[in-house]
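Next up: a single chain in structure tokens, the form predicted on its own.
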Amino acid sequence: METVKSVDLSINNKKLKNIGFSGLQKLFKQSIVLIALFLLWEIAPRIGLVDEAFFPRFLNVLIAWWEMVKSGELFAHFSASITRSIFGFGLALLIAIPLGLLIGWYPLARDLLNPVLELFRNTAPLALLPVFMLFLGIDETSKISIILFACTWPILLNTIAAVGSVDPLLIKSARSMNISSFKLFYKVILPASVPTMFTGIRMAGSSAILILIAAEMVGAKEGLGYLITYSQYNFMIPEMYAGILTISVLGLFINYGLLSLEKRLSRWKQDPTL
């Protein structure tokens, strides 16, 4: 028995080492292009490929970023932006997902509302920014509202499409077991809709940041968009790029966070026993 246990332990250790090595390989492959890009960013101003006054070295941008972190300035702008994004994005989730599930479940509602949904889908949110500011002012309400508008449509339309694209054989098989409509919806329709729904949620997550930055550039006293505009007007170019870099990293974390959440909610695709 001890021999068997030692063999099992050695096999498990080898598996863990292989997983760790493959994980490092994957991380290296994903990072190599970014590292090369940052090296080019550092070298190009040094050798005169670009004007350092307008495109400072990457190291100078990092120094400016760290100075803003130490002073607390960056955190103040970051917290203002992320608070607005979370509120707008969260409200869009609360409204768009239940509404999309209902519209997708009832064909008559889908047929009646589809023209209106397509109209708003093809309306650029930034084109309506002056309208939001006209009616709601330039304070927090207008910014959260424009994020809500921008995030609602990709979530809503992808949720409707997700419900409509569920395999009819799954529905027929479930109904043959005489389960209730609620269980059919909860056990079959909703899990099968998750992957397509998350396509819209990820699109909305990106939109929440992009639309907010544009709104903050127009009328705000704090936020990452305001930081970028203020730095540009005052020719604080390293600080401007530091703000842009912060937005890029924030968008990256949001995307990976939504991806990991999607994998967690879609585990049934890999493990049919769940």
Partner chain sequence: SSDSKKAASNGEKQDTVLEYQVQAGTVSFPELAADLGYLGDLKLENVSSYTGGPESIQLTATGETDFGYAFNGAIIKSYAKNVKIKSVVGAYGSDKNTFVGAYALEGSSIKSAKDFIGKKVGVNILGAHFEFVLKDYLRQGGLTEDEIKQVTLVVIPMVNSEQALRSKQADVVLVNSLPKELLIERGEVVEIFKDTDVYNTEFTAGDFFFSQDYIEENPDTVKQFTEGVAKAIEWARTTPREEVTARFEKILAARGEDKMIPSLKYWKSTGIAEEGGLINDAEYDTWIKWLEKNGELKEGQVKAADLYTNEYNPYAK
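Positions refer to the first chain, counted from 1. All values derive from a computational prediction rather than experimental measurement. Rigid core: the largest C-alpha set superposing within 1.5 Å between the two forms.
As for the form predicted in complex with the partner chain, it is not shown, yet the points below apply to it.
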4.5 angstroms heavy atom contact with the partner chain in the predicted complex for Gly137 = yes
Report whether the minimum heavy atom distance between Leu62 and the partner chain in the predicted complex is within 4.5 Å.
-> no
Check whether Ile97 has any heavy atom within 4.5 Å of a heavy atom of the partner chain in the predicted complex, and answer yes or no.
-> no
Lys221 near the partner chain in the predicted complex, any heavy atom under 4.5 Å?
-> yes
Output the sequence-ordered list of residues from 222 to 240 with at least one heavy atom within 4.5 Å of the partner chain in the predicted complex.
-> Tyr226, Tyr230, Gln232, Tyr233, Asn234, Phe235, Met236, Glu239
Residue shift check between the shown form and the other one, rigid core fit, Leu129 Cα at least 2 Å | yes
